[in-house]
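Here you get one chain, nothing else, as structure tokens; it is the form predicted on its own.
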Amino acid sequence: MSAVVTGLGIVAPNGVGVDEYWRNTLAGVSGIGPISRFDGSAYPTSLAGEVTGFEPLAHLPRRLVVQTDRWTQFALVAAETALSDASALPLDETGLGEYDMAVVTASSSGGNEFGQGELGRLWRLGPDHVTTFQSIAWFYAATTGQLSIRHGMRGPCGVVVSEQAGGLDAIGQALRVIRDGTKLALTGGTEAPLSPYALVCLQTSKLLSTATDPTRAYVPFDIDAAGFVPGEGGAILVVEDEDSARARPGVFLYGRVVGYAATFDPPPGSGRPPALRRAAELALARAGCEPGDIDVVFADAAGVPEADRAEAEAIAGLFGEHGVPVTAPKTMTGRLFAGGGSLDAATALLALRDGVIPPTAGVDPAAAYRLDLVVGTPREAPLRTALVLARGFGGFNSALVLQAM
């Protein structure tokens, strides 16, 4: 049974909607800038990838906006776009039953901004001023639940929590439910970590960049790499059983999801190597691919020297020195945590569709990493198969193989 991607919905710092995001990504337009959602002057990290101009009430009913965090609102809007892109709206005209459709999303920090507002009212005004929605809006499964309710999708539903690796893990789980007989799955992830409470939590990792130049604050595989810039947004994908999708008029198939694997790093100090390469090898094997079949790698690109070195060693070890084009368009959005992997997967599908590799922005690649990093401008190439890599804080590794139709 083959699983195909039929719809994309993107909400990103450098573009809302597939066309705007893709156009800006190819042009090297960055969404990274000074934090404007609150006064960030007291925080060591002053830059972020913000989704500007996003007005949830322009897309969603008021009753839903007051019940949900910004992270869930991103996903609701992206899902609507993805379903429309898949020619699957209205859903009751697709012939799919409610138990034929699944929702699997990724979450990392949950509804921080919503929770901060409710906690503020609790301390300022007392418990009678905390809404009942506090009990659900912050929760990791809130986005999956709201998508399931809004679209009447009552098949297998779930949420994965593995930080930046989560977006790929969600797609991997969607692949499983499609192979088990579900006809359509909404999957991917979003994140909205740009509130004071969330930023304080993120800073405990000590991995955030404190640079103040937006063009050089997040430069993975560069000699000046010193952390990453946080960002918000993500992507939701429609993944379907290929036979079921082809039976619906007007459907465009972006590509097949042919391989997925996840591994976990050994404990620090164990002397054992990180497990990212193992995840990539397993994903390729499950896709029936050899390293020579891969035309482009979308890197995790942590922007932290030790992590960049480990990823570069994994890629060079698997493909050879300068053996495959590598790109990291997330240098234009910041790292989106649960939204990052699915946005990379969506970007890879657009690259396969158009035969062009988007650039890594602002990076002067260090020779020691031995990577063929695509920088500066897009690179046209005949693309058939893409490998997407992601790592989550704490040791998560995920790899996804996507193939053009």
Partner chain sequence: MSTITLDDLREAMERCGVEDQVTLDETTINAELEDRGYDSLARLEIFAQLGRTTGVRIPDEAIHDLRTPQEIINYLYGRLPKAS
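Numbering follows the first chain given and starts at 1. All figures in this text were calculated on a predicted structure; none of them were measured in a lab.
Another form, the form predicted in complex with its partner chain, is not on view; read the next lines as being about it.
Using a 4.5 angstroms threshold between heavy atoms, Leu318 stays clear of its partner chain in the predicted bound form.
Remark: Ser30 does not count among the residues lining its partner chain in the predicted bound form, judged by a heavy atom distance of 4.5 Å or less. In the predicted bound form, its partner chain sits beyond 4.5 Å of every heavy atom of Ala368. Using a 4.5 angstroms threshold between heavy atoms, Gln203 stays clear of its partner chain in the predicted bound form. Here is the short version: of Asp128, Glu306, Asp92, Glu290, the single residue with a heavy atom within 4.5 Å of its partner chain in the predicted bound form is Asp128.
Screening Phe252, Phe133, Tyr99, Phe264 for any heavy atom within 4.5 Å of its partner chain in the predicted bound form leaves a single hit, Phe133.
Between 133-141, 240-248, 282-290, 158-166, the stretch whose residues reach within 4.5 angstroms of its partner chain in the predicted bound form through a non-hydrogen atom is 133-141. Contacts to its partner chain in the predicted bound form (heavy atom within 4.5 Å) from stretch 47-72: Arg62, Arg63, Val66, Gln67.
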